[in-house]
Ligand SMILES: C[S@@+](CC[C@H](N)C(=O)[O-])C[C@H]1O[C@@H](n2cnc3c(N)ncnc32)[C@H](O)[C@@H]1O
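Before any questions on how it binds or moves, here is one chain, the form predicted on its own, in structure tokens.
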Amino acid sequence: MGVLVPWRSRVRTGWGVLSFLSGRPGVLRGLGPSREVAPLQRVHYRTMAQRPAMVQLDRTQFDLIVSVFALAVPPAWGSALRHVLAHHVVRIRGLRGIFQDSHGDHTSDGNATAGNSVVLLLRYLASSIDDQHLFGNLSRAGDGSREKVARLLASTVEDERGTLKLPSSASRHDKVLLPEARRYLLALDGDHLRVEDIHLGYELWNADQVLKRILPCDATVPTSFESVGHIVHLNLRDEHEPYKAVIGQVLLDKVKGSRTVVNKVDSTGGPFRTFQMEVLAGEPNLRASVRENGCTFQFDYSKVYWNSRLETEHRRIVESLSPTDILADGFAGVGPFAIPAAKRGNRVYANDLNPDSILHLVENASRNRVDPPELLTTSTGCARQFFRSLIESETPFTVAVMNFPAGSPEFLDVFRYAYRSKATPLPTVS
């Protein structure tokens, strides 16, 4: 027979165990230093969804307590059962699904004695919450029923003809205990389960979940953004204007590596394909550093054109070049085509109308050790004049790149009839 564990309420977080004392602050203990925290209220999703929209971020409003079923087992079985019941254990980023409980009293055969126990937090809810956005792998499969959850656990091993195997990473000790742990699960019933309260603090919510609760119910949640180094770039709508500061703060909190959040305030355009932007949150530092295709590019994002979504296209073009290809890039920007190609040993001619782009391109070529430097020749001016000058001087190039999606077809006329009396071959235009 298994272990009968009494019901106890305990709050688990990513750092430790928060003891609940009525009307008194709890002390959070765990990996980090102890700290005082205010007692939490039992808050459900439905209540939070009905709250008014926020114009200032209040992280305390995202403290949520969810009750789940848990299984306390003797410490010797903890590791083996963690492998066997992996599908049933809570998986939420930043939250421990298994912990040591000094109040548990068990021996390896299930008899009571002084000692510790290992508690596995199960994914099955013991309390009702709103249907929207369940965290991690939390599930209603148990319908709040201890007996149903016990049957789900037992079903993992109840097929006598099946072979229950541990992963290769499991220790020899776990494999020895496997038959005994299996018998324990087969004898499991609802009385062996207890209820644990999980504290889902703001740090466990993703950006989408937070934004859905701070914006009005009829507002569109901004889910698309571009990361340019430490900068998060948004294109917010007019409906987001009252909430743009809080949206920026949420993304600053939730997007890994971000230090600045900006919003585009007009469309991309003008001769340099740049746009006006406003800083919504974080430091007003718009000098970005981006690692792409084996190269590091640094530039002032407010002064040059850059599109992180084109990384795959940059790689495709560069990798399609043969060792003998010569590249002419009429809209070179800060060098996402030119510098990787030159590093591969291809001869490159790079041009851009924006002087700031060429300045950054030259700096990036040096930063990425383009060697010899003579492989890369730069110029500043109109792309049409750039290609025409190469053709008229009979400077050979085999691949022409025009990274100007909206306007590049207008420049194709420069190649029309240009090679009728030339000895140089007609290039491939990308």
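This is a predicted model, so every value here is computed, not measured. Position 1 is the first residue in the sequence shown; the rest follow in order.
Another form, the form predicted together with this ligand, is not on view; read the next lines as being about it.
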{"property": "Pro271, heavy atom within 4.5 angstroms of this ligand in the predicted bound form", "result": "yes"}
{"property": "is_contact(Ile231, this ligand) in the predicted bound form, heavy atom dist at most 4.5 Å", "result": "no"}
{"property": "4.5 Å heavy atom contact, Pro405 to this ligand in the predicted bound form", "result": "yes"}
{"property": "Contact test in the predicted bound form: Val55 vs this ligand, heavy atoms, 4.5 Å", "result": "no"}
{"property": "Segment that reaches this ligand in the predicted bound form - one of 353-361, 92-100, 222-230, 180-188, heavy atoms within 4.5 Å", "result": "353-361"}
{"property": "Leu310, His314 and Gly330 all contacting this ligand in the predicted bound form, non-hydrogen atom within 4.5 Å", "result": "yes"}
{"property": "Residue (of Ala400, Leu390, Ala365, Ala383) lying close to this ligand in the predicted bound form, criterion heavy atoms within 4.5 Å", "result": "Ala383"}
{"property": "Of Tyr243, Phe297, Trp77, Phe337, the one that lies within 4.5 Å of this ligand in the predicted bound form (heavy atoms)", "result": "Phe337"}
{"property": "Residues within stretch 213-248 having a non-hydrogen atom within 4.5 Å of this ligand in the predicted bound form", "result": "none"}
